[in-house]
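In the form predicted on its own, a lone chain appears below as structure tokens.
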Amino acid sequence: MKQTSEHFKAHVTAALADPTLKIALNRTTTLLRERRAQVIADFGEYAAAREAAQKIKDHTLDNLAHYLAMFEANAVASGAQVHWARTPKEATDIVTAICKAEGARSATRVKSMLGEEIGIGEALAAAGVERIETDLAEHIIQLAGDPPSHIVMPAMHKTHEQVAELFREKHAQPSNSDEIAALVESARRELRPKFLNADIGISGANFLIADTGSIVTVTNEGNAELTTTPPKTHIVTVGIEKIVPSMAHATVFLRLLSRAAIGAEITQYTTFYNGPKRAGDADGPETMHIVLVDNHRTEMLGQFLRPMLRCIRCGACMNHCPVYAAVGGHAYGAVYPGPMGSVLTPAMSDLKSTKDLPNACTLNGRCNEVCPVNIPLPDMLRSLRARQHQAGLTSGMTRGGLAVWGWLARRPGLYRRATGLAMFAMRVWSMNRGRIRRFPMAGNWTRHRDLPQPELGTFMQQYNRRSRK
């Protein structure tokens, strides 16, 4: 079945029935949460840095046209060529036109969510250009024919045992070991010649610095430098919201990005690119093209979704989301999964085809708590739900259920009696086993996991009991 948001419920059913996926998700998300918690606890300036990052982003968005014009002028002065694209097709047309003009047969690519967003892989294939993914995880999913399942850890859905089997099938010189170090060596042997022989290097950018015209990439493997340096042409595809005013502002985000994304103080490689190779430089591309992509971002500026443009693509919201942890990224059927994807995907397409995504959330607020730029994701998800309801996109059963709940909620005495009766019935139904395996109208929950036995009494009953102590 094609991975689209319209098939979200079918994807969820398949994901919940996959025990290997659960193992892979638990291994990685648990590790990332623990690492993040530790480095944040050790970072005494975290709250101040988070507040500063939010203010920088909001200021930049308020003056986006000014800073983009400044960036373009400084990038051109450094020798780069700047292109503007309103849509994904315009962006990929620019990239493929450059490849054709250079007579390119192969292109190495650094992992970039913007590249996934505009469909650069499909565009290169249609243009007859071999695409070589150089990030280890992207290399894995390219061999497997999978889309990314996470914006930082795109192969999160794979166990290392599955990767070992894949490499033995696809690599020219695979390792017989399932150990991670051996798998890395196998990938290095496979990719190193392709780095050196590629005609084009394609990257994204974590940040654009307006007052210098610089491109910033942040990686842990060094593949960005190997991708952008040997080929004679470097192409950058990047969303216009990645702009920051100056180097000093960029350093604020660099201190937050790695901590939020992988639980490290800083990544192994942070590289600043300032145009193509100059006279006297030992290496570097002969030409550099920067493609600035809009794709609904300017529309978001004037809407309630504006705070989403602060996003630095760290993935922390996914790592702490109980829904993502249960179903993984592919279930969302979109480039951007998890809480941030449940906001971005409707913004970049439409509410009707993505109607299930804003509802794939418990509204527990973890995503907002861990976001390094304080994006109010639960508030935006609630707003999207309200807009769906107003547009008549919710099911008749949902609308009927909300109407009944609203009628009860306006009658507090009746509401308390009804909820008390429901709690009593659930405890009787569970027969004091602590778990409910089946319950009327709860089939979607109990089909894949037990429903916890409710506490003694409703929230209000427990609150009143404790208040009297």
Partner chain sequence: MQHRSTPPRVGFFVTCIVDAMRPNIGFASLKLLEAAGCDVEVPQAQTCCGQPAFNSGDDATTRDLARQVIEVFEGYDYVVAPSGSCASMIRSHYGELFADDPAWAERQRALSAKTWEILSFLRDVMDYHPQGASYDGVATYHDSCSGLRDLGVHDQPRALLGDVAGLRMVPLQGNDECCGFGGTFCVKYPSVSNAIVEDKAAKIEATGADTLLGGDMGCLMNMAGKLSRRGSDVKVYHTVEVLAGMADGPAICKPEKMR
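We call the rigid core whatever largest set of C-alpha positions still superposes within 1.5 Å between the two forms. What you see is a predicted model, and the numbers here were worked out from it, not measured in a lab. Numbering follows the first chain given and starts at 1.
As for the form predicted in complex with the partner chain, it is not shown, yet the points below apply to it.
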Counting only heavy atoms and a 4.5 Å cutoff, which of 345-353, 384-392, 96-104, 112-120 contacts the partner chain in the predicted bound form?
-> 384-392
Does Ala10 make contact with the partner chain in the predicted bound form, using a 4.5 Å heavy atom cut-off?
-> no
Using heavy atoms and a 4.5 Å limit, would one call Ala126 a contact residue for the partner chain in the predicted bound form?
-> no
Distance check, Glu165 to the partner chain in the predicted bound form, heavy atom within 4.5 Å | no
Is Met426 a contact residue for the partner chain in the predicted bound form, using a 4.5 Å heavy atom cut-off?
-> yes
With the partner omitted here, the residue among His171, Arg366, His330, Arg310 that in the predicted bound form has a heavy atom within 4.5 Å of the partner chain is Arg366
Could you run down 437-460 and flag each residue that has a heavy atom within 4.5 Å of the partner chain in the predicted bound form?
-> Arg437, Asn444, Trp445, Thr446, Arg447, His448, Arg449, Asp450, Leu451, Pro452, Gln453, Pro454, Glu455, Gly457, Thr458, Phe459, Met460
Superposing on the rigid core, is the CA of Thr419 displaced by 2 Å or more between this form and the one not shown?
-> yes
Comparing between this form and the one not shown on the rigid core, is the C-alpha shift at Ala17 2 Å or larger?
-> no
Did Asn26 shift 2 Å or more between this form and the one not shown, C-alpha, core superposed = no
